[in-house]
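Next comes just one chain, in structure tokens: the form predicted alone.
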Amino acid sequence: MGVEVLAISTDSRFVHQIWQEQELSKMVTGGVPFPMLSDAGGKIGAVYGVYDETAGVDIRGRFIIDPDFVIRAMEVLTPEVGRSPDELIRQIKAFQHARNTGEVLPSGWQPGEATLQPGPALVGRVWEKWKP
């Protein structure tokens, strides 16, 4: 998909290694296939607004950042609720499509489905163009 994936947490690289060997490799063949980086002290998490200073940890968050380094989407979840890889992939495809075409996409859009052309003619007429 032409994207770069990074995992970042306040855990040390040693904890990441153990987690990869003892846990992740049992859920994903070969373990997680992308870098896991250590954010000791939470400096990166603080920049993205997910560092919990009291607990000393980064809260679970995911960010879609475009090639111009603009955050296009973010999701922050506490540990008791898991994330959806399918929704993440759908959003990446949607952002890539919108960037490449200039079109706008309705909620839940999937590749091949109807899109909209932004502009004054669309104002107040979305309901005519998009039929869920």
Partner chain sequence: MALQEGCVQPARGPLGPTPGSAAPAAATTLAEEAKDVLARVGREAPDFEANAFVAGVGFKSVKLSDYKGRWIVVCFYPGDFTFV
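Positions refer to the first chain, counted from 1. Predicted model only: the values in this text are computed from it and were never measured.
Keep in mind the form predicted together with its partner chain is missing from the figure; the text below concerns it.
J.: Taking the shortest heavy atom distance, is R90 within 4.5 Å of its partner chain in the predicted complex?
T.: Heavy-atom contact with its partner chain at 4.5 Å: absent for R90.
J.: Does L116 make contact with its partner chain in the predicted complex, using a 4.5 Å heavy atom cut-off?
T.: Judged by the heavy-atom cut-off of 4.5 Å, L116 is well away from its partner chain in the predicted complex.
J.: Any of the heavy atoms of P85 lying within 4.5 Å of its partner chain in the predicted complex?
T.: Residue-level check for P85: no, no contact with its partner chain.
J.: V15: heavy atom within 4.5 Å of its partner chain in the predicted complex?
T.: Contact with its partner chain, yes.
J.: Given a 4.5 Å distance limit between heavy atoms, list every residue of 84 to 102 close to its partner chain in the predicted complex, or none if there are none.
T.: Sequence-ordered list: L88, I92, F95, Q96, R99.
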